[in-house]
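Given next, in structure tokens, is a single chain: the form predicted alone.
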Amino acid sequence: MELKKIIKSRELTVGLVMIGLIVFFSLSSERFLTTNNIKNILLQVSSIGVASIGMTMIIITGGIDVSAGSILGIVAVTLGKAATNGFPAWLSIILGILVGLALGSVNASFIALLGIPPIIVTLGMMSLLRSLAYTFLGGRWIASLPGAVRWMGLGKILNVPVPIWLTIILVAYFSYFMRYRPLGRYIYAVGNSLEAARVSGVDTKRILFFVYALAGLMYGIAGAIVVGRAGIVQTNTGNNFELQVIAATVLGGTSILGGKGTIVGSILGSLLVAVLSNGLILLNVPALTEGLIIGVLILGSVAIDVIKNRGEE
């Protein structure tokens, strides 16, 4: 029975697709399986993967967050401005992450406390924050960031990059949290039926506030990783990041209808997106084509999910 469950799991499907892509890109480009390129893929997975932890919880509750990239952009601007205006590196990083938490909490307030649909709130935040990021930068980039500020992206502990450590620790903890902690189980309950969870005594508003605020925190950490790796803050930092995170989460088996999904599945989805993105760049495929392919994958995954749920019903 357990073997049958594994065979039918989305995680296995994602793993097989990823192996197919690795074989294809390895045969198409001699640079794909080099040590440096594999390292780049794993570092790219770290930012998408950390952000997908929050997105997974949101989608499990039946919600969505299209403001992830814009929040990451504001986090990058905050971190960059603080670092280039004399703030200590550690304080600049913390300020950036806290801004992510604060913006996630703003989303949470509108959604959980005022009952406004998530797509409306996060779409509005996406537009607002993108405009603010451009205004704060005045159309110019922040370059020459102090080396210490880049620790979150380039630092190493025991010769392993800090972003990879962060990803492993966060994935391990929140996988345990979702499976064994009461709050984690309540998140699934809300996704399966908000009204049933409320009638059963679950504080649904607290659950929704928690997942959107936590997502903001995860976007903040991802933003610190992205800035650390790049060493600059551009006016378009974070553009289309939400597309990659949503794609990773949905491809990893989190049901867009709510109630189903795992953190590990989303990390596998993140790895699939990172491999696809990296391979297409090595093949000199235009960025617009990458967006097209990811969009098709999202639509295909959602369609399969809907059909599967109808079959179960």
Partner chain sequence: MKKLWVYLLIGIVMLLTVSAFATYKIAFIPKLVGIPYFNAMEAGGKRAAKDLGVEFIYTGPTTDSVAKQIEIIDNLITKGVDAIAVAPNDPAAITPIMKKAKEKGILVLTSDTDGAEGVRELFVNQARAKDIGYTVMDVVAELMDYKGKFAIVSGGPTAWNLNTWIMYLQQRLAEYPDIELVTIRYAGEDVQRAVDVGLSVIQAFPDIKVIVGMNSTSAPGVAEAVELAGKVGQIWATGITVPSMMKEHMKKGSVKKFVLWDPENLGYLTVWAAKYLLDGNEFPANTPIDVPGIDTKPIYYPETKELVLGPPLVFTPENIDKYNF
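Positions refer to the first chain, counted from 1. If you superpose the two forms and keep the largest set of C-alpha atoms that fall within 1.5 Å, you have the rigid core. Not measured: the values here are computed from a predicted model.
The form predicted together with its partner chain is left out here; the points below concern that form.
Choose one stretch from 213-221, 164-172, 149-157, 86-94: the one whose residues place a heavy atom within 4.5 angstroms of its partner chain in the model of the complex.
Partner-contacting stretch among the options: 149-157.
Should residue 280 be counted as a contact of its partner chain in the model of the complex, where contact means heavy atoms within 4.5 Å?
Yes.
Residue 229: touches its partner chain in the model of the complex, heavy atom cutoff 4.5 angstroms
Looking in the model of the complex, residue contacts with its partner chain include residue 229, since a heavy atom lies within 4.5 Å.
Taking 4.5 angstroms as the cut-off for heavy atoms, does residue 40 touch its partner chain in the model of the complex?
Close contact exists here: in the model of the complex, residue 40 approaches its partner chain to within 4.5 Å, heavy atoms only.
Within 4.5 Å, heavy atoms only: does residue 262 come near its partner chain in the model of the complex?
Contact check for residue 262: no, nothing within 4.5 Å of its partner chain in the model of the complex.
Residues from 117-154 in contact with its partner chain (non-hydrogen atom within 4.5 Å) in the model of the complex
Contacts from 117-154: 134, 139, 140, 141, 143, 144, 150, 154.
With both forms fitted on the core, give yes or no for whether the Cα of residue 255 moves by 2 angstroms or more between this form and the one not shown.
No, its C-alpha moves less than 2 Å.
Hey, the CA atoms of residue 35 and residue 169 end up closer or farther in the model of the complex than in the shown form, with the change being 3 Å or more?
Closer together, which means the C-alphas of residue 35 and residue 169 are at least 3 Å nearer in the model of the complex.
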